[in-house]
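Quick setup: one chain, the form predicted alone, written in structure tokens, and binding and motion questions come after.
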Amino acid sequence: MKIAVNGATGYTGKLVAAELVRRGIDLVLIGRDKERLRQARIEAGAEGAELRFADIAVAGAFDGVLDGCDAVVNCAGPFGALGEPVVAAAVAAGCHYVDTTGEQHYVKRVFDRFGDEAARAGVAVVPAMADDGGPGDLLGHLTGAAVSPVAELVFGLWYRGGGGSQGTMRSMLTVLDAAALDYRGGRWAPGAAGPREAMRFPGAEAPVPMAAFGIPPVVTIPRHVRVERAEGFVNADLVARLRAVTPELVESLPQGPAPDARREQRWTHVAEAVGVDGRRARGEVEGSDGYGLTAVIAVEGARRLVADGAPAGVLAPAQAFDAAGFLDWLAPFGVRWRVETG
């Protein structure tokens, strides 16, 4: 098994490479800067890994780069600007694809553009295999299934502590520039932006004020849950901090948080579903170290696509993997989840 890491010189890319080394999986590191790529190989402890050089911003430069690879983990964002050539190259090479994006509109474009093409090529493409989109989609599937068909599903994310990487900040600037999508009546459309009444989260002393935000589960969950309406929110204080970020500020930041700060970061996802018959279900999943967990999720997803297979095409995480089984597998990494009805 050979798994490639695109964006291997970035903060998340280095963590993904280190996770592949920890798992004993043969890897290929891809990037545009030769010296930085060599340094990333050393930092990941992957001294024997193959290096491939390509500047994804140059048209055609990625053609053939994934030849001979079984899967690729794409960590290079902003994905809206840089992601689609990697998906196209993976499909052309017969190489399974996962990525670590949190960009809602990009996820929708991957489904819209590559679904038929990936199916014809026999390739599985699974975007948003990160700490937000991955557990969120899996949790949404289990919560919605408990009361299906679903009249309304509200998804909330609560992030606190830890800080963000340069790559995440660049991606979040693009998310803020695009109106958050809701799912209504069988299609996605810009939702009503603004604050929402607070949501309850485990571990919070009081309900947490929320704000509308473009999160991947709103795009992925309706593909495997019968739902009439879905919408997503994150904690309002996080949105306020993100809106204060400028491109100039991003460039002045370190590549990512220090290891101790990264491990102090906490995240919680809540899914609240109401069935068309009035039944209710609530799902919760929580953990820490979002960047470290993203590397674990993305690597395990790519490994499962190669070793276990999945339907060909563009897939939500819950379409590619058993939802409860994957969440249970994450327990040794500090992930806890539950779904309750009533």
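Residue numbers run from 1 along the displayed sequence. Note that this is a predicted model, so its numbers are computed, not measured.
One more form of this protein exists, namely the form predicted in complex with a small molecule; it is left out here, but the text below deals with it.
Heavy atoms within 4.5 Å of the small molecule in the model of the complex are found in one stretch of 7-15, 330-338, 316-324, 20-28, which is 7-15.
Remark: Phe79 counts among the residues lining the small molecule in the model of the complex, judged by a heavy atom distance of 4.5 Å or less.
The small molecule is not drawn, but in the model of the complex it has no heavy atom within 4.5 Å of Ala312. The small molecule in the model of the complex comes within 4.5 Å of a heavy atom belonging to Ala54. In the model of the complex, the small molecule lies within 4.5 Å of some heavy atom of Arg36. Contact with the small molecule in the model of the complex, defined as a heavy atom within 4.5 Å, is made by none of Gln104, Ala180 and Phe213.
Of the residues given (Arg170, Arg262, Arg160, His224), Arg170 alone sits with a heavy atom within 4.5 Å of the small molecule in the model of the complex.
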